[in-house]
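In the structure tokens that follow, a single protein chain appears in two forms: structure 1, then structure 2.
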Structure 1
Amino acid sequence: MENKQKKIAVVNDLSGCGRCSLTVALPIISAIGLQCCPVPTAILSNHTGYPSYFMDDYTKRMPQYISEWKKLGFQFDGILTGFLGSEDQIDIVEQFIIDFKQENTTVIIDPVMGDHGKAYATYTPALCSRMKQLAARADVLTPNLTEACILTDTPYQPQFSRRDLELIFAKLSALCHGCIVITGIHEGTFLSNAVYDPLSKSTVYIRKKRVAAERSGTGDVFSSIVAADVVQGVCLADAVRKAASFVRLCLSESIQYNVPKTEGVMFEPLLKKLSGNKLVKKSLK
């Protein structure tokens, strides 16, 4: 029987503790039924939201790692990028996309840079500025509100009106011609994700009642589900609905079990809710 299982290359860091990036993408994409192939950008003892961390930047080793993949002729249905460890990685990841993107490969760029109005500890202004270059390569770009502000040089506010958000989308669509999803938009007691379609130039807002203050790693849970579903052929708005519902469920579970905020969301007992995807099963046949 021919192997039709879809494969996603995930360019992201490996953080030992704190549930983010690859420790989230690997189980989530696998649970949905796709193969997840990591390209590590850095190895960290734990994510940068803890009072201290050890980080080993992988920039120098990435070209050799990737050239083996090229030599062996590996191919991917999706490429998902996340946390980058250095400015030079922008060029490496761009070249990776040029080398591995085929006609049917979907490129999902999560421009990981910060949250709650602030850039993460390792994200210099120069690295943030170069992220705009990478954003141009996305078929689907998934910034949170902070990252959308950084990419468009918009001063951050915790709440924006929909009219202001449309201006941000207009600026983002000048950087990236793909679909754009802005996550984590506060609208009163709701949390919205807005999906912009460049073809119809229209935006769909997906609102859910906010359950709790955000936690680290939720963006990685979200982008992993969106990437896996879109690569599998689910329409983007439905993928975003599913990702938002799952993140919300994980947040409730984490609160119920008093998981410390730095440890991200307790998604493991809920993974089974992601498997059994009919579309994946059908496509394997």
Structure 2
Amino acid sequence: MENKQKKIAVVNDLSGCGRCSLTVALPIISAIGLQCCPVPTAILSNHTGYPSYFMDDYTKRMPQYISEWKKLGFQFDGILTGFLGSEDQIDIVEQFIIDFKQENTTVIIDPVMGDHGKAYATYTPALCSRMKQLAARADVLTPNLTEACILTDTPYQPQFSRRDLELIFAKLSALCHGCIVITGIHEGTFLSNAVYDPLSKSTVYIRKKRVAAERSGTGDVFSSIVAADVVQGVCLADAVRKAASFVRLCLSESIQYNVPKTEGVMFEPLLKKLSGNKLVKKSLK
């Protein structure tokens, strides 16, 4: 069974409280049936949305950590990257992809750079430029609308027409030759995710009714499900439908139990819905 089980290396920070990053990816990827192998970029007591937090930057330790994996000959069916806090970390991750990507390895890059039309404070123009270079290595690129605008030097606006979105996809496709998913597209009372296939040059729009305000960690839930499914050979559009439906369920659960927004989405009671395709299809209708 060890040789048959798929493995995904996940490069992200570890926040002890707040349901984001690796504390989301580990249980979700495991529930889907894959082995999740974390590469920590930083250790935090809780995510930075709280009034205070402790953080240990892991940048200087990452090369030695990774070198042991290389020495031992570890191999991965997928590589998923999340938030990266510096140019040095982007350099390390790019080299990680060069060293560990094989013919059948799928690289999923979630370019966590900003939201609501603004780049995060740590994302300088130089860091944004380096993220563009890293994005070029993606087999699947999953920016939100803000990040898609940053990557393509497109002025942000809260809503784009689908024709304008196609122009953004064209620019992203010139940057990254893999499949592209733009998340968090507001279309009236709906929230859409758009999936672009570079081979057919076609886009599929997947719409869901908005049920609540956005919360921390929803992007990590989404990208973890997409990565796990795509690595197992699931069609990307179907993986996105599943991820969007699950996030919607998690948001509803969080509202029902009055979970504070800083604590992210309450996904733990719903993990069983991810463990089998038949169960998932039935529960996410």
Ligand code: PXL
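In this text, all values refer to a predicted model and were calculated from it rather than measured experimentally. Residue numbering: sequential along structure 1, first residue numbered 1. In this text, rigid core is short for the largest set of C-alphas that superpose within 1.5 Å between two forms.
In this comparison the chain labelled structure 1 is the form predicted together with this ligand, and the other chain is not. With the core superposed, Y53 shows a C-alpha displacement of at least 2 Å between structures 1 and 2.
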